Each structure stands twice: as structure tokens, then as C-alpha cells.
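Subsequent text provides C-alpha cells for two forms of one protein chain, presented individually as structure 1 and structure 2.
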Structure 1
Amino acid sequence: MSCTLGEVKNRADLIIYWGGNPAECHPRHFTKYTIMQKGKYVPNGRKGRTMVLVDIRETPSAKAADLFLQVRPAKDFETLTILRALIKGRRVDAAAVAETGLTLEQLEDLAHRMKTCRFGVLFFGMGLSMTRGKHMNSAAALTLAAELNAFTKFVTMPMRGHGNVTGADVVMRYTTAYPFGVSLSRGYPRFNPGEFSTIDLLVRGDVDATLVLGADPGATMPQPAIDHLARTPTIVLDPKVTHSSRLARVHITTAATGITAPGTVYRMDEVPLPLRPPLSGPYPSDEDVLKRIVAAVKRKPAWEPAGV
């Protein structure tokens, strides 16, 4: 959209999308939640907000942005680290800045906007969290937002790719204190992204069986992970046939949550939404199937190593 530099600088709120393309992946995000909405304390709507897009290429979302910053591939962590230094008034190395594909003036301008905005939010997508650096990139973005709160109100939030992914994180967090990358192999939760994350476990071949619930890793994960799912016993619980169920040893058809089974889903901002099914169906819910599996496992005799 067209606007003068003065108009952009006078806007109070700052919205940053990093490594995501909401115009195509979350088409209602602009109009319903971020740049277009008006409210009691934000009566100016779009005129009161500056939108910045940071990505490795110009996507359709750039058309809605006031500022587009094209960072070099795999240089997100370096860019975030430089921004952290700039908001603290530290000197940065010119060579390190040049590697990001951006100029020092661009980074200083963004750091200034983040420090002086009335309210800021950083939305980051899989272009940040699933490229080189992975959880380190996400940690850098979270740390940047935390440090900005010394100057203003600033928050960050991941842009989820599939329905109710946030719900899985919320449940893991209140049961184990960690959102993902959790191992319970020792009887207590251990958190170590990169070691216990699903993709890493599958790519390394560390698991000999997989239970897939409410997901389709066969359509989204790297090929080495998909190959390992095909080589080992994979069980899928899903209302429909998916890429994962086609390579699974067992597919259990379950009720569709919110359509033929009750349940609770979480929005990306962690607001729970209870669902009441308008229809009835012949298939059991995911919860019913899992309870029956747990009951069957409990009936089996305890496992002991051979020779004991």
C-alpha cells in the first residue's frame, strides 16, 4: 500500500511478520486480527499501524506491508542477534550486517521502530522456525521480544500451520511444563529440542513405532522422516485418508472433532474454543480410541528384560 514515510513514522503500533506469508497461508489474519481491525483503544485501524514483512523473498504479503526487508536465506538468527544488539545501543560488526543482506540503516530503523512503538507484535512462521537454526531462531525471536519490554510493550507469537497445533502445545505445557520436544522415556519429562523433536527422532531413526494423532506428517515432514515412517510400524488415527495413513500399517477412522464428536480446540492466541457436534456418526472419538488402547496396555503383563 502507498503511504509517505512521515505517515509510517507517526503510527503508534508495529506489526512484524517474519518468515511467513499470511496473505496466502492465513488469509483472514490481516482483516480479522491485525492490521485492519478497529477497536476502542485502536480507533484508527490501518492508519494507526505499521506493518513490516521480513522474508527471504517478496511474497504476496509484501503488498500489504509498509516496509519489506529481504533477508538472505539462513541468516535469520544473525539478523535477530544484530537487532538485539542495536536495541541495547551496542556496536555491531559491519561484516556481520552485510551477511544478512540488509544494510545497517535498515536494521537501525527497524530497531528504532520496535523501541519507540506504543505496542509491538512479532509473528513468526515456518520460514523462521523450520529453516537452518530451527529452535535457535525461535528462541532468538522470543528473547528479542522479551528484551524490548524494557522500552515498550512487545509480544511475539508463532503463526501456526495446521488446526489446533496450539492445543497440542498447551496440553503438553500444562502436563509436562514444556510445549514440545519432550521425552518421557525415563518416567519424567525431559525437554531438548533438536534431540527429542519429532522430525529429528524420525530422521535419525531413533523410533521403532509411531502413533500419529490429528496430524499428517507424511504430507509435511522431510523425506527421510517419511521414509522412516514407511519402514516402521505406523498407526494413524484420523477421520479421513491422509498421506500418512497410506503408508501406515494401521489406520483407525475416528470421528471428526466438532462435527461428530465434542472437543476443545485452541486458537493461535491460546484462546480455548469448546466444540459441540451438530451431527452424530458411527466412529469413536480420538479420546475413546486412546482410552481403549491404554486399557489394553494395562492388561498386558509388565515387561521384563530377558534372563531376569
Structure 2
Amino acid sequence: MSCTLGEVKNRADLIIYWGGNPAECHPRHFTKYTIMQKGKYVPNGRKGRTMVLVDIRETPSAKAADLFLQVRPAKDFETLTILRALIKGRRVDAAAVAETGLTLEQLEDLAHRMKTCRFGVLFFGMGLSMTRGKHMNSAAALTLAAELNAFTKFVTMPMRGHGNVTGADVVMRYTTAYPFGVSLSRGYPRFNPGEFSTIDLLVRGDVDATLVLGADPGATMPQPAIDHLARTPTIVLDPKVTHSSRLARVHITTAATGITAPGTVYRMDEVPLPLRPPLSGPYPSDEDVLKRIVAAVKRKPAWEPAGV
């Protein structure tokens, strides 16, 4: 249940941020897409919208919110699951709700707002998708939003991290049918997050070489994954020196996409934006380097995939 950001700007009268701090992490979100904008069907802008923030601590984003709900750490899944029951008119025991840090009254109020708004949106951040429960927390947000469409118009969208994460996801889907966690070792795509996702492969030591593109796992991944990168041949393509490039065997300096190289970046709502470089530079683009690597690999003796 998603939409492009213009739908939010033009229509949303209930905007919920869950486990994210847009005031600091996505500073243009409020002004460009959500609460501060006057929309086609929200002519009064901020006055025509209600913003709810759900988070484990009172971040600077709370100041912008009409309603701040402080949920206990690692209770997001429980809270979303209670909301799923409440919107269907199911009774939930008030004493049992207490573990979430919120009262039944607060959650009933939120469920009521969700069901009675004209157009609701739930943006969820890494405070939801990267904490205990991970993909099931995201699934809870997606399911709740889908079910709300029995009552009103409701959409949801993840607030993704830095870089062109969405673009990678999109391209993987049309070339392999799967968004991430794909193995091509048998000559065709197979999908199993947890088995083929990068962190898991590195932590278990299931790969014997790594190519890093548009990411800095040396800064973001758990220590066992970083140790494996250092232990095995790692190649990094990056315009600058990074944690990963320092531990890599090979670092190829490439042009910065959007600054000295053209390209396409996908917004969190999967809308592609062309990047036009204002400057020129001496370094080749990621694409040039990869094409040369592919051409060089093709000159090596054929590797025949083993098939199904």
C-alpha cells in the first residue's frame, strides 16, 4: 500500500512517523512532501494535517508533531499488532497493553484517527525496521496499512537509509525478479534473505571475495562481517577513502555520481530522478569500471554454470 510522495503532499490529513526522526535524518521531508506543504486537497497546509510521531524517545521531530506517543523499546511489533486488533473492533485487555508503554486509551484514540482520516500515511524508519523483529516489524506496518483500506485510504512507506538503496532494489527486481538477498551461483536467480543477504554471507564466511559498490559495510556492519572482509579479497569502488576501502585489497577511485558522473537515483517512493553532473573529473564512473571488469572476465576461460 504505497504511493508517490506527491499523493501525500496533495491529500494526506493524517501523517504518522514511526521509529524515525525526519527532523534530523530526512530534513526536507516535512517541508517538501508532508506536513508543511499546501496540497491540492489540503489547501491549509499544516493546519489541515495531523502529525503523529511514535518513537522510543522524544527526538527533535516530536516538536513538529501534534501527538507524540512514546513506545517502549522493542515493543513496536506488539503495538502495531494491538492496532490491527483494535481497528477490527476486537477487544484487547488494558492491563496487557501496559507493556508497550502506552495505554489502551491512547491506542484506541490512534486507531480511531487512522480509521476516520480521509487519507492516512504511515512512514516507518529504521527504528522500526532495524530493531528486534526487523522484517516482521515492517510487515506489521504494511499489514496494518493494507487492512485500514477497508475503512479509508491509507498508505505506508519505509524511510530508507542513505544512498541509492531503492534504486538497487528496483534494478535487482527487474533483472532477477527479487529485490535483495539473491544468489546467482547456479546460473539463475535464487532468493533467500538470511541465507544470501550480505551481512549473513559475511558473518558466516560463506563468500571468498567481495565487491563493494555504493556502500561502506566497513562502517556499518557487525564486527565479524568486517573481519571477513579484511580476511578475504575485497574490492571497493568509491570516490573517496572509506572504512571499507581501508581494509580492501583493491580500491578503485570512481567519479561521484551526481557530481562528476551522470546517473539515476530512485527516491524512497521508487520515482526515478536523473542526475546531471555539474562538474567533470578525472575518474571513471562506476558503470565504466564495471563494464571493463565484465569485459576482462569474459576474456577468461568460460565458466559454465551448473544449472538447476
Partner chain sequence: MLTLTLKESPHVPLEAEVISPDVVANLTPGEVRALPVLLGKRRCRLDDWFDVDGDAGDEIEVRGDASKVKWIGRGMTRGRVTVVGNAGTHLGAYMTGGSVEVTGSAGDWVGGEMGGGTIRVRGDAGGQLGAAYRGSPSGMSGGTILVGGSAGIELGMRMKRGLIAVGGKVRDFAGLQMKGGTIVLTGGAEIRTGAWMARGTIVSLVPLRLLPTFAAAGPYHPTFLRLYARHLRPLGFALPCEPHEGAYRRYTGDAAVPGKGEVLVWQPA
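Take the two forms, find the largest set of C-alpha atoms that superpose within 1.5 Å, and that set is the rigid core. Remember, predicted model here, so these are calculated numbers, not experimental data. Each residue is numbered by where it sits in the sequence of structure 1, with counting from 1.
- In this pair, structure 2 matches the form predicted together with its partner chain, whereas the other structure does not.
- Comparing the forms between the two structures on their rigid core, the Cα displacement of residue 153 stays under 2 Å.
- Once the rigid core is overlaid between the two structures, residue 191 counts among the residues whose Cα shifts by 2 Å or more.
- For residue 130, the Cα coordinates differ by under 2 angstroms between the two structures after the core has been superposed.
- Core-superposed comparison between the two structures: residue 182 shows a Cα shift of 3.1 Å.
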